[in-house]
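Take a look at this single chain, the form predicted alone, given in structure tokens.
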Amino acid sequence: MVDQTKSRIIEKNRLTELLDKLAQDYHLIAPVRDNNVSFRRVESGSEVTLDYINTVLSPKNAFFPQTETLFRFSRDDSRGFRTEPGAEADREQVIFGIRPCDARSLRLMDMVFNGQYKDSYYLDRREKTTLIGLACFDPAETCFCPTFGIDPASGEDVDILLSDIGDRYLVEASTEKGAALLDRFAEFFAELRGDEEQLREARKAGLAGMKKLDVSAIADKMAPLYEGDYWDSIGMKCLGCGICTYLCPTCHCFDIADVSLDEGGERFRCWDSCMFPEFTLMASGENPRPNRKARVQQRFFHKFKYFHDRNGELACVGCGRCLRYCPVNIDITQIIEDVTSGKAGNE
């Protein structure tokens, strides 16, 4: 049911004008079409495309950059060395057009970076961000987000949700932050006409056929498979390229390194992948995950058991990126079905 007090409409021909204004007042990150569609900083609404199913990379880079400086250090005659923090988010940002699956992934990332150990770099960006979501009425065949309780037309994990209903968007604020933004840019929005609910429900009817797997007991069913040989054939097939982890909106492994610069240097962190052999390689030469079978096994145990045991959630949002772009067609949905049906235990 549309909440009349928190909902507006925006005519499609006014959207670019709104985005222009947002780009003036915020760092605006939105989907842009080059060879593929990707989220990046834009200066005007004319750069933005909404004609896409999902981007190759999720916008998690806006919170957890692929490479970021943690701090810099330099020689200081009086103290030996002095340090300077890396740049904090200097301005509030708006992410426009994020899909519900990617918005849910941020809730899972919060469990990592806002858990027992607080990551100030991530949390600073998260606090200064407003999420404007875009309902997903035409998912790809590889999408299976309902498996994880995600409604592709829901604004549950965003501040504002836009739903395409023909000549206009239904605009719904889900949080106080979202309502405040609607009030701030009120001149771009109009009152509801009264038929928005029916138009949205008509579009949602096409989502009824989306793949939805039963994962209610998958964490328990994973445990007996640890010593089994189900992962042998998958490990043989895997190339170890790591594309599944780099495209995944919930993967968060990183490496930290120091680099020398003139009379000092900097410490930075960058994305890493549990699919790389060096990820667990120790200085002694010992590697507890010495082959692709062990690394593939770790990836799926982390998503469907370890993360669940730690946080009560599964570390997947059904975006389908790993399924869509894996060069050897390793199918995460088939693995889920094998585990939940018991087939994996019979290999």
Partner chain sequence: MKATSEEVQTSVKKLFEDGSIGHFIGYETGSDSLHVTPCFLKSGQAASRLVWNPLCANNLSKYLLDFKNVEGKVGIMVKGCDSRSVVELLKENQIDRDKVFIVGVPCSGIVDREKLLEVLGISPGEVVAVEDDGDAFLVTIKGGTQRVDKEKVLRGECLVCKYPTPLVYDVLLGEAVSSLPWVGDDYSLIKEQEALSSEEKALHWNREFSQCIRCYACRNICPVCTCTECIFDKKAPRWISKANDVSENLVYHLVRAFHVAGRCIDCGECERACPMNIPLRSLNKKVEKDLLELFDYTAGIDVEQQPPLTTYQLGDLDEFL
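Owing to the predicted nature of the structure, the values given are computational and were not obtained by experimental measurement. Positions refer to the first chain, counted from 1.
A second form of this protein, the form predicted in complex with the partner chain, is not displayed here; the remarks below concern that form.
- In the predicted bound form, the partner chain lies within 4.5 Å of some heavy atom of residue 40.
- Within this chain, residue 237 lines the site of the partner chain in the predicted bound form, having a heavy atom no more than 4.5 Å away.
- Contact check for residue 246: a heavy atom falls within 4.5 Å of the partner chain in the predicted bound form.
- Contact annotation: residue 30 falls outside 4.5 Å of the partner chain in the predicted bound form, judged by heavy atom distances.
- Candidate site formed by 56, 242 and 272: every one of these residues places a non-hydrogen atom within 4.5 angstroms of the partner chain in the predicted bound form.
- With the partner chain omitted here, the record of contacts in the predicted bound form names 276-284 of 42-50, 22-30, 312-320, 276-284, defined by a heavy atom within 4.5 Å.
- Though the partner chain is absent from this view, in the predicted bound form it lies within 4.5 Å of a heavy atom of just one residue from 331, 11, 337, 17, which is 331.
- Distance criterion of 4.5 Å from any heavy atom to the partner chain in the predicted bound form singles out 255 from the list 110, 164, 156, 255.
- Annotation for 29-55: interface residues with the partner chain in the predicted bound form are 34, 35, 36, 38, 40 [heavy atom within 4.5 Å].
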